[in-house]
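Just the one chain here, laid out as structure tokens, in the form predicted on its own.
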Amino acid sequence: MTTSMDRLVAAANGQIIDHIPVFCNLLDQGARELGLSIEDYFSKGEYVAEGQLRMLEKYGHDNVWSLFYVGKEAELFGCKKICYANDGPPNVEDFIIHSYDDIEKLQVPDDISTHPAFVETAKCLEILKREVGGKVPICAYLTASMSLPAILMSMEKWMELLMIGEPEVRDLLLEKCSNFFRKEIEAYRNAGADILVYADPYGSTDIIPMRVFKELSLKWMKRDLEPGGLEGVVYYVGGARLNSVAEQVINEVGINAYYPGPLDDIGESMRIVNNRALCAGVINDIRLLDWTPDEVRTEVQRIVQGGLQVSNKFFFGTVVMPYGIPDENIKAMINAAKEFGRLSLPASD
């Protein structure tokens, strides 16, 4: 029997077994599956793992997540206040860096794997590894050092420091964030994560100028990823556009999987990657809130066929799916990706 892991390995080698891998980033929806509030759901690793397993069974996609919410990384630095919504992802309520003096005092945890804020994540990973390990890719979300300051001090203050602040202060913060990232990715690898989503919105020229990308983003990307290597790493720019920087990341960093934004032209993405890596075709999942199932199917067809016309080193994905997407649209999307992803078209030279 073909497993989701089989599909992913095949896609990485430019092959399709039965259909392309279909990655579906269902997170908060697990609370609804268990009949829990968002706050209660994310309070225990057992709940999150059960939610992921139930959704895997319900929808039939090809991945599960160990991600609770992005603010978990701020909690590992000492954040104590998280704001919970009724129908969406939790967010940091109180930033831990209020002034530049706080950067000097910021402490990177010695061992993330034993940190109290990682306990429930570790439980979730343990359950997922026991239940589907080796058969279904287990995904982890890790914020790159260039983007992590945004959840520690706010996007506005980080952009101010990044663009016009003192370089020494900026680099001190980036060094601490990079040291944290190195420990975090090691903890997730040791706990059983297969797919390590390197999330870096500040690695897209939608957010920063190309000059800053070349001078800083590439430098810190290399430092973040150097110790453990690139196995399982996916470059993800948080739903922003990838195409303008993809060539440089491939050439200078060598990451083997790429996750463009929904506004990237998928044909162009695939041509830039040019069979050197695995690449996703990503749907604008905000539109899933109000599209009809037929409209969803048509859009999935466009994305999947556009990717497969260039290369079979291709998979389908979403960004972070809103809580309110109707079930029928989720099912229509996944079923269409499987249907059109069976078409192993000849890859162009």
Partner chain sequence: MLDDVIKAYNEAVLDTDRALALQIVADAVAQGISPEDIVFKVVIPGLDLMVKAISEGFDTNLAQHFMTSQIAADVSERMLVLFKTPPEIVGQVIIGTAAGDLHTLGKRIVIGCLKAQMIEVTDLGVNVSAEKFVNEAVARKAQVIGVSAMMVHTARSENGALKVRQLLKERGLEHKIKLVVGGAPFRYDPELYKMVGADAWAENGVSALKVIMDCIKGVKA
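If you're wondering where the values come from, they're calculated on a predicted model, not measured in any experiment. Numbering follows the first chain given and starts at 1.
Unshown form predicted in complex with its partner chain; subsequent notes refer to it.
Visitor: Please determine, with the chain shown alone, which of 224-232, 257-265, 135-143, 176-184 has non-hydrogen atoms within 4.5 Å of its partner chain in the predicted bound form.
Guide: Comparing against its partner chain in the predicted bound form, the contact stretch is 257-265.
Visitor: Establish, in the predicted bound form, whether 209, 241 and 322 all lie within 4.5 Å of its partner chain, using non-hydrogen atoms for the distance.
Guide: So, yes: the whole triplet contacts its partner chain.
Visitor: Residue-level question: is residue 93 within 4.5 Å of its partner chain in the predicted bound form, judged on heavy atoms?
Guide: Residue 93: contacts its partner chain in the predicted bound form.
Visitor: Can you check whether residue 111 is within 4.5 Å of its partner chain in the predicted bound form, heavy atom basis?
Guide: No, residue 111 stays farther than 4.5 Å from its partner chain in the predicted bound form.
Visitor: Can any non-hydrogen atom of residue 286 be found within 4.5 angstroms of its partner chain in the predicted bound form?
Guide: So residue 286 counts as contacting its partner chain.
Visitor: Can you work out whether residue 89 and its partner chain are in contact in the predicted bound form, taking contact to mean some heavy atom pair no more than 4.5 Å apart?
Guide: Judged by the heavy-atom cut-off of 4.5 Å, residue 89 is in contact with its partner chain in the predicted bound form.
Visitor: Which one, 123, 72, 115, 157, lies within 4.5 Å of its partner chain in the predicted bound form by heavy atoms?
Guide: Exactly one residue meets the criterion: 157.
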